[in-house]
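Presented below, as structure tokens, is a lone chain in the form predicted on its own.
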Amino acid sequence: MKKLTKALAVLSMFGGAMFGTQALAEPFKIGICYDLSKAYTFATPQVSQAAMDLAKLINMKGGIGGEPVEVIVRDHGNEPQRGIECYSKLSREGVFVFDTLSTPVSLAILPRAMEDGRILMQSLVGRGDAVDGTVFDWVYPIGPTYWGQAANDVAYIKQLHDGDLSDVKVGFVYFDYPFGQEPIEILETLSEKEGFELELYPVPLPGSDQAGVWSKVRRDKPDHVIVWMLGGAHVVASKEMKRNRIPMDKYISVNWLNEVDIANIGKEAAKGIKRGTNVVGGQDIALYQEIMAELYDKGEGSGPIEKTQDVFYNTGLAMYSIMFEAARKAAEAEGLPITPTSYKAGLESLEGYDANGLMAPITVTAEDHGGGGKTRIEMWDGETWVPQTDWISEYTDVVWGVVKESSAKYEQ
């Protein structure tokens, strides 16, 4: 009872401070239907914690247009049917902005969101062709698709070889299921365009057995190895590379490589490893430091501080900064309450937005729901991540050619 009384007192103060003596305004809600129990637990706790922290910070400042914000977190266990149930239940509760952080669940929800006129955010997951806003008008995969990331990796390799890839061999090590297979078409197209040799190395799930793959890499001697794997598979790969005497600086990972992976590989052993990213790593970030000062230093954080010291927490801050900024723009342009239509317009008015240096700048339009697809390559130097490129978005003609070809099939 004491705890309940205290909570009610805090709620009363919160309402009075923000909204005078009137009742609390209806909050702007985002539905976070995540896998918090199975396949994606290497990232979902950090991302959801960032979302909750950001909502707390915004509410401390008076919400958006005087309206509080709320993130509702539910577990779907990476099961499409549970994801649909989460979507349906929260829709009935007035939620019209959703994020799943799961490709299978996003694919299951997408046709429903399109039919219902609700916003489906799908940064870093889902259909790569959903960046085509002329077809997927309610879906927003803001940030780099895997197609765009892979293209930018090739651009980086080209930069290392003074603009000539004709005598270069590139290996692609990937989980042998849709997530890992997705960049293959882009890599094959660029191989033909630029003249480099492409070798494919599928890794069976869950990635614990990679001995044969890296023995073959040793024999084939690629100049660079682009890697599309997750979590502990990076640790297995590093051990196999060491056993086969393959230099770590050949390794260029998809964005799903974090500080936990580095610690498990070993800070010194991981020296030279690279990753593509669309967010700044580390804690020297204005938004992060504000959250520390306003929440964690006062014991008000949404989870353990250790989870914040991870690039996936920064990824969450970037994703939800975009979502709340779109809400702010919607309220500013069309007032309250925010509606699906006004929120959509808010998203499509984002121009050069980088959350004060947190991420690659994005510009969303009615045609391009990806925001430009910029990434940069970073290298682990034994202590921190060092940028190797500026924010880049290369081979956009090739990427968009594949996007248009794929999205046209969905239209049919």
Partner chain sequence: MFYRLSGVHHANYVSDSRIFKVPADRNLTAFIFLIGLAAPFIIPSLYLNSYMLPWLIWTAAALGLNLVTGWAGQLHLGYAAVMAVGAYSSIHAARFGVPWEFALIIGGLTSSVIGSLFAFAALRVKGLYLALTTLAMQFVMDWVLTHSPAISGGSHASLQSPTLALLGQEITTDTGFYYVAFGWCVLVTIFMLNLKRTGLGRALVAVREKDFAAAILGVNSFYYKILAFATSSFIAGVSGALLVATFFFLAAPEQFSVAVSIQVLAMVIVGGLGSIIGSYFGVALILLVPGIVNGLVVTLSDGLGMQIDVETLAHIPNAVYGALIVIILLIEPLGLGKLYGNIRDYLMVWPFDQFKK
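The model shown is predicted, which means the values in this text are computed figures rather than measured ones. Numbering follows the first chain given and starts at 1.
Form predicted in complex with the partner chain: not shown, discussed below.
(message) Is it the case that Q181, even though its partner is missing from this view, gets within 4.5 Å of the partner chain in the predicted bound form, heavy atoms only?
(response) Q181: yes, in contact with the partner chain in the predicted bound form.
(request) Verify the contact flag for N258: yes if a non-hydrogen atom of it lies within 4.5 Å of a non-hydrogen atom of the partner chain in the predicted bound form, no if not. (result) No, N258 sits far enough from the partner chain in the predicted bound form that none of its heavy atoms falls within 4.5 Å.
(message) Since only the chain is shown here, I'm wondering whether E240 would be in contact with the partner chain in the predicted bound form (any heavy atom pair within 4.5 Å).
(response) No, no contact at 4.5 Å.
(request) Using a 4.5 Å heavy atom cut-off, state whether T384 contacts the partner chain in the predicted bound form. (result) Judged by the heavy-atom cut-off of 4.5 Å, T384 is well away from the partner chain in the predicted bound form.
(request) Could you tell me which stretch in 249-257, 308-316, 152-160, 103-111 has residues with non-hydrogen atoms within 4.5 Å of the partner chain in the predicted bound form? (result) Among the candidates, contact is made by 103-111.
(message) Check for me whether the partner chain, as it appears in the predicted bound form, comes within 4.5 angstroms of all of S48, I84 and D129 - heavy atoms only.
(response) The answer is yes: all three residues contact the partner (heavy atom, 4.5 Å cut-off).
(request) Identify which of P337, G272, P80, P340 has a heavy atom within 4.5 Å of the partner chain in the predicted bound form; exactly one of them does. (result) Filtering the options by heavy-atom distance leaves P80.
(request) Using heavy atoms only and a 4.5 Å cut-off, determine which of K169, R218, R328, K89 is in contact with the partner chain in the predicted bound form. (result) Checking each option against the partner chain in the predicted bound form, the one that comes within 4.5 Å is K89.
(request) Pull the contact list for 50-79: residues with a heavy atom within 4.5 Å of the partner chain in the predicted bound form, in sequence order. (result) The stretch touches the partner through M52, V73, R74, D75, E79.
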